[in-house]
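Read the single chain below, which is given as structure tokens and is the form predicted alone.
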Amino acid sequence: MEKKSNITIKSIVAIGIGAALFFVAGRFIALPSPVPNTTMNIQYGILSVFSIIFGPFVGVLAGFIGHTLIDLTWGSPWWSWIIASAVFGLIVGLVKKKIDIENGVFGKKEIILFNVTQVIAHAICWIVIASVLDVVIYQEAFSKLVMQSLTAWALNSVTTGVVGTALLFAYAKTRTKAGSLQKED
């Protein structure tokens, strides 16, 4: 029996659009924070939407490509944070199966699930993955990383909560709920 590929034209287009929006939002709509090399971003709200709608494969690649493009325009890639962005897309994308967004389902339960997931995903990505990789790859001082990672976690959690929730809620409203269409006699 032949295995069906998860790579479709739809997912390739979603990766391209997701990466482009991640890049534009991260490069041109980033607000500085009081902590050096840490900004307030909305691109994780956008990435979370692509991850929930299209799944973890799209989330990983849109995050990885989008973050790489941002870093390349600033000089050189910072691989620890690029990898963290990809992992964020993966973790949030894994929740796709529990949120029936395609059938217009995004109520209180789904909003709570989404936000608990994204806050935990940001903690894993910025407090653990980015920090450990910064030490391993770049020999960064751990004391410097504490403020950066906690700031990135807090700011990204808030902006993803606001932007991601609003965009997913709006998207769900455009979908037809299963069983809502009835045949006219």
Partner chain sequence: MSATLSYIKKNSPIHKLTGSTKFIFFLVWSLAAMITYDTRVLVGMFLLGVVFFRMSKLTWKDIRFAVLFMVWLIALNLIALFLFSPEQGVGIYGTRTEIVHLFWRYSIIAEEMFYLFNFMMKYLAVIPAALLFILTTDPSEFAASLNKIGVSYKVGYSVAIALRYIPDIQRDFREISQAQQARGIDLSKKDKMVDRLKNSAAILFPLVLSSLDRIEVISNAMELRGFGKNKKRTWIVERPFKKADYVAIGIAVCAMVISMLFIFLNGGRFYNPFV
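Owing to the predicted nature of the structure, the values given are computational and were not obtained by experimental measurement. Numbering follows the first chain given and starts at 1.
FYI, the form predicted in complex with the partner chain isn't displayed, but the following is about it.
In the model of the complex, no heavy atom of G107 sits within 4.5 Å of the partner chain. Under a 4.5 angstroms non-hydrogen atom cutoff, the partner chain in the model of the complex lacks A130 among its neighbouring residues. At the 4.5 Å threshold, heavy atoms of F54 reach the partner chain in the model of the complex. Heavy atoms of T159 reach within 4.5 Å of the partner chain in the model of the complex, making it an interface residue.
None of A152, I46, V60, C125 but one reaches within 4.5 angstroms of the partner chain in the model of the complex through a heavy atom, and that residue is I46.
Shown here without the partner chain, the chain has Y138, Q139, E140, A141, S143, K144, M147, Q148, V158, T159, V162, V163, A166, L167 in 138 to 169 lying with a heavy atom within 4.5 Å of that partner in the model of the complex.
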